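Listed next as structure tokens is one chain, alone, in the form predicted alone.
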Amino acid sequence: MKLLICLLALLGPWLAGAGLAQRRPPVIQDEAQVPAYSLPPLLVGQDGSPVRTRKDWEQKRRPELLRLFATHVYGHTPAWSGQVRWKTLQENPQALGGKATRREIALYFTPDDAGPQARLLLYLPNQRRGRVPAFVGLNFNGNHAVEADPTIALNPNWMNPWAENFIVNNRATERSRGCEARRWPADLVVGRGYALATLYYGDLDPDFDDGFQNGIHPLFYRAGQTRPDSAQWGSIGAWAWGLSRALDCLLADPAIDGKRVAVVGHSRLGKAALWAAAQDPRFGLVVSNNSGCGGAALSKRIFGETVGLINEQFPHWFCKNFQQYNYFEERLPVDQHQLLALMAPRPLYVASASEDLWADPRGEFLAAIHASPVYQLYGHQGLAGDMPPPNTPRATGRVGYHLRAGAHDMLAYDWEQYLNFADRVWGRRR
């Protein structure tokens, strides 16, 4: 009997892996192959009671959904008793050909200047009257990648080894400057009267499975704790936390309109932007660009990237609890239309790309559609109708959407739609 128990203990992990391998379906990128699925209800509480009013939503259903997403998907963010400190390290009052003042700001997360920190890059329009609205988001390759200016500090931290960005031995090089400028058209944003702020996501947590030792997670460990618990945050949670700390800084700037700060993110950083805004109501507008599985796309469609595939490739992104739904999406108690609904009544814009089937554009659109009833609780128009063709934005209410022709990226066309949307919902005139 003892021998049998020992054999089962040794074979258990292999049997579990074999079971998942048998369960793992082929990747679906054809609408005809999407299986029947059922979405968890948006306006029905866990106890079965209907949600009919804003009070029902705000006092019962919204907190309930936030807890469910924290417990099963992103992980709970530990309480933080500290305060972020910041210091301007460099300022150029004639950036972008004189159109902007550019600042590099150090954000310190402990009393020690040598402790964990992030660098915020901020562009402020020089031609402005009063406070200006702003967009803030995380970048993939360091602030030096946003603009090919040799005076912007070259980020020294670990980078993903993307050869096209001239990363060598997981570090940026001088040739990396400006490699991500297409995603951060500062000239366009500033020209429309908005400030633009960004910080490198790797300053908060390096994007590899390092056991949560080299980012901000250890700041929150209990005595003797060495990694987050199963229902505590992963990397996406840390990146989202960093966005809120950047917002702390922006809200203290007298040039920024604190009620009109939009959070924006692309791909995995779009997931972080959504989770940041779900937890932090101070963000005044929310933009998800090609955020896919774990972002704006419905998980239960199992189209393109799935919960199992994303957790196997990136086990550090979400909380450990999320892994129990690998290839068992039907058991997941939430889905992403509920996450998008957590943005209400704040304006929400979701964007997809026609060739980006891995991120499930239709699933992103449908999630926005199914989130709209909460906006209606507030008397706002959500999103309705059939999915629009490429390059035909639909943004007449408080929920906007477009499908850009092309591949997985965030380009000037996308930004033009975000700026147009912000102008309209915030009542700005060009």
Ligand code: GCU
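Predicted model, so just to flag it, every value in this text is computed and none were measured. We number the residues from 1 along the sequence you see.
Heads up, the form predicted together with alpha-D-glucopyranuronic acid isn't pictured, but that's what we're talking about next.
- Checked against alpha-D-glucopyranuronic acid in the predicted complex, the candidates R268, R119, R177, H337 yield a single residue with a heavy atom inside 4.5 Å, and that residue is R268.
- Here is the short version: of Y327, Y221, W86, F140, the single residue with a heavy atom within 4.5 Å of alpha-D-glucopyranuronic acid in the predicted complex is F140.
- Contact check for Q313, W317 and W358: all three have a heavy atom within 4.5 Å of alpha-D-glucopyranuronic acid in the predicted complex.
- None of the heavy atoms of D253 is located within 4.5 Å of alpha-D-glucopyranuronic acid in the predicted complex.
- Using a 4.5 Å cutoff between non-hydrogen atoms, S291 counts as a contact of alpha-D-glucopyranuronic acid in the predicted complex.
- Put simply, E305 is close to alpha-D-glucopyranuronic acid in the predicted complex: some heavy atom of it is within 4.5 Å.
- Annotated contact segment (heavy atom within 4.5 Å of alpha-D-glucopyranuronic acid in the predicted complex): 305 to 313, selected among 305 to 313, 341 to 349, 167 to 175, 255 to 263.
- Residues are counted as partner-facing when one of their heavy atoms sits within 4.5 Å of alpha-D-glucopyranuronic acid in the predicted complex; in 387 to 415 only H408 qualifies.
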